[in-house]
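This document opens with one chain alone, in structure tokens, the form predicted alone.
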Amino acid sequence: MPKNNTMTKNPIGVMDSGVGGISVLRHIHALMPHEHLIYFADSAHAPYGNKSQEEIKQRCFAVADFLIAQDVKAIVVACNTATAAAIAEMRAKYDLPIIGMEPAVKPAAAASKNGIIGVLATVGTLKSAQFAALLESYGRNVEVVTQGCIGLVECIERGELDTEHTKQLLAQYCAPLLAEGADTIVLGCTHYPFVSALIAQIVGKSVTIIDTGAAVAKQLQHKLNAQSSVNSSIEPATILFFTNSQHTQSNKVIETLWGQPAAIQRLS
């Protein structure tokens, strides 16, 4: 149902288990620079990948309720694990567009020359029914090699994008994919694009790396167009970050990942 025009200037809410979804936020802002954005980093509860499905749903509902109280006109669940665990229930509960993530198995299968694709993701995403369904739909004619990346989200949450420890973890997790001959690697977690340059160094120029952030931004734009709720104003957009992180460096990490000074509110 088309929204009232008074809704067009309302912000878009973007949520993640932590700061990883800022990679998606950047794509959204690049595509729709006049849309006001509110980002919620649920860093106090990151990572979601080691939590039960019920715990993840509870966190998603709590964050969505917070965003809806800010009068958002749409919500992007910029987290693969949260999408897999809670997106169906969120769409049933809330009466506004809710866009989720999914590992890009389909475009990876299309991009691969040798039919072997690798997926780097959290254990929670790889165990999900949604990921199993993706493999069933798009992985039939390719070999899919998966690798759970324990500890990598935590490194990125701390802003450790170029440390020896992060490099060692990435080398460890990419090695099995390369050993199986993968020529295409899917970044199956929104945190991972922030270390994509390191991954590219490890896997070499012959391996294609696929990030789904741009596709999600386009899907959001499509949904807003369908509801006539695109912001047609040419005023500069406001981008506001909320975080419940307990780390003293959390503001610095957010600004580093966003790439510029940011308006950040810390919640208890």
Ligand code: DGL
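We number the residues from 1 along the sequence you see. None of these values were measured; they are calculated from a predicted model.
The form predicted in complex with the named molecule exists for this protein as well; it is not shown, and the discussion that follows is about that form.
J.: Val153 versus the named molecule, in the model of the complex: is there a non-hydrogen atom within 4.5 Å?
T.: Within the cut-off, so yes.
J.: Within a 4.5 Å heavy atom cut-off, is Tyr48 in contact with the named molecule in the model of the complex?
T.: The answer is yes: Tyr48 has a heavy atom within 4.5 Å of the named molecule.
J.: Using 4.5 Å between non-hydrogen atoms, is Thr184 touching the named molecule in the model of the complex?
T.: Result no; Thr184 lies far from the named molecule in the model of the complex.
J.: In the model of the complex, is there a heavy atom of the named molecule that lies within 4.5 Å of any heavy atom of Ala86, even though the partner is absent here?
T.: Judged by the heavy-atom cut-off of 4.5 Å, Ala86 is well away from the named molecule in the model of the complex.
J.: Using a 4.5 Å heavy atom cut-off, which stretch among 158-166, 171-179, 137-145, 117-125 contacts the named molecule in the model of the complex?
T.: In the other structure, the partner sits against 117-125.
J.: Taking the named molecule in the model of the complex, which residues along 181-196 bring a heavy atom to within 4.5 Å of it?
T.: Residues within 4.5 Å: Gly188, Cys189, Thr190, His191.
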